[in-house]
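Shown next as structure tokens: one chain only, the form predicted alone.
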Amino acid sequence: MKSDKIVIANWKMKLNLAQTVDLAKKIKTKFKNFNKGELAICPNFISLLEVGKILKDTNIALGAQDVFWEELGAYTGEISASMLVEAGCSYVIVGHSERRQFLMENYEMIHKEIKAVLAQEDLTPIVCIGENWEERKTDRRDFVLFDQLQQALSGLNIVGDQKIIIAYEPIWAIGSGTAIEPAEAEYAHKIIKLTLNDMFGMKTVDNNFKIIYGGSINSENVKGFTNLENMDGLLVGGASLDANEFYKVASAILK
């Protein structure tokens, strides 16, 4: 799994349908001859089918921004992992900090969502973890990352070529315009990898996991993140809303 790095665009709730379609077309054109690493775009739910049509027969995968843990039922407003696969998704973001903050998602829910995603053969979870400013300021980051990974992943049986992407997103950096220092990101990623090694063993981690960074990455600061030992890619927010900017970021990472 580690042969290619990955860059994932998270468009959040920033664009309406027409704007989403327009940006997807621009990115398709911009990346027409781009064949390095892996790329994925996560638009809003109502845009998935339209964006999927645009990305068909390209090297850019489709992802979703959230998922529910049940397959079918009376769960108003939710969408299941199998429905995402049916819509053409290969990736889904699970437990983003904004959902933890504004919608009270906790890691018990996130754990169930990951299990539901792994039950789908062709869907990869992008599991978000990261500390807030108070936790960083009081030197609790290492414990927070360990605890979040334990709650999200404990008891999971990773088999075959099942894939999990861990996205380290320090909450205090998201949307701030200021990314974490690369050395600090590398340290956090090392803690994550060591924790995963303890939980699943080095062989499984090497074969089935990727660790990526997210949080105010742009074309001006991305160079510092290009050669970090334990970083397998990026989850990109604001910088992915402009095709030219996203191309610069992706080109720096996917060499």
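In this text, residue numbers run from 1 along the sequence as written. None of these values were measured; they are calculated from a predicted model.
The next section is about a form of this same protein that is not shown, the form predicted in complex with a small molecule.
Heavy atom within 4.5 Å of the small molecule in the predicted bound form: which of S47, S216, Q65, T195 fits that? Just give me the one. Only one listed residue qualifies here, and that residue is S216.
Using a 4.5 Å heavy atom cut-off, which residue among I165, I110, A173, L123 comes into contact with the small molecule in the predicted bound form? Contact with the small molecule in the predicted bound form is made by A173 alone.
Should the three residues E98, L235 and G238 be counted as contacting the small molecule in the predicted bound form, with contact defined as a heavy atom within 4.5 Å for each? Yes, each of E98, L235 and G238 comes within 4.5 Å of the small molecule in the predicted bound form.
Would you please decide whether E105 lies within 4.5 angstroms of the small molecule in the predicted bound form, comparing each non-hydrogen atom pair? Outside the cut-off, so no.
Would E131 count as touching the small molecule in the predicted bound form under a 4.5 Å heavy atom rule? No.
So, in the predicted bound form, is K25 in contact with the small molecule at a 4.5 angstroms heavy atom limit? Heavy-atom contact with the small molecule at 4.5 Å: absent for K25.
Tell me which stretch of 112-120, 68-76, 148-156, 90-98 has a heavy atom within 4.5 angstroms of the small molecule in the predicted bound form. Result for this chain: 90-98.
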